[in-house]
Structure formats: structure tokens, C-alpha cells
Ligand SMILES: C[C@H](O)[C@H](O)[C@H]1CNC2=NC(N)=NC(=O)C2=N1
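Next comes just one chain, in C-alpha cells: the form predicted on its own.
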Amino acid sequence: MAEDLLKQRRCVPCDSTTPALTPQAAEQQLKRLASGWSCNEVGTEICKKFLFKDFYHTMAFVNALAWIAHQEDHHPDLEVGYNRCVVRFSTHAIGGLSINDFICAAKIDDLNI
């Protein structure tokens, strides 16, 4: 059977009855992502800082990320500067992490900008 690649999966809707991933489950999913992603201390958010050579490349990344977020209907919090973008994922509807956060993170890591 082929490996279950996060980047090939699609996000599924979550609501307040969807359980958040446990910190242990979040750490297991984190291991499936490219390096640079980290979990906050309480296991409710993942974060990664992306660096670029200039503003143009930063904004190209942000625009590509926005397209992915729109397609998956799962939107991160962003901090954007001249040559950097900090991406934070958390599933707001459940107050923690869901598999959707890791799916989108994997798709973003797959961008070639």
C-alpha cells in the first residue's frame, strides 16, 4: 500500500464536536512534515518561519499559500515582512490542532518558490 502522504489528502470540515489532536498525536504528525515546523507548548498550534531573498518572493509565497488555504477552506494566521513569512496553523473551530493543520502545512512545504 502506498504511503499516506499528507500533501495528497484533502481537508475535512471540523466543528465544535470534532476532538482536537492530543499533544502526543500532534507530535507524531509533526514528524511527517518537513523540518522547521514546531508545536507550541500546549500542542494547540504549529508554526514555521519561511525566509526569502526579497519582497517579491515573499509575496509570491503568500499568494500561493492563500490559494492552497482557499482550496482547502483552512486558513492560517500569517505574519508577513519584507523577506519572511511566519505561518501558524490551528483549527479555530475546535480550539486546537486537527489533521487539517498538518495537511495544509505539508502542501505549503511542497511549494517551490
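None of the values given here were measured: they were computed from a predicted structure. One rule holds for the numbers: they count along the sequence shown, beginning at 1.
This next part talks about the form predicted in complex with the named molecule, which is not shown.
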item	value
In the model of the complex, segment of 70-78, 35-43, 22-30, 55-63 with a heavy atom within 4.5 Å of the named molecule	70-78
Distance check, residue 99 to the named molecule in the model of the complex, heavy atom within 4.5 Å	no
Contact of residue 10 with the named molecule in the model of the complex (heavy atom, 4.5 Å)	no
Sequence-ordered residues of 84-98 touching the named molecule in the model of the complex, heavy atom within 4.5 Å	90, 91, 92, 93
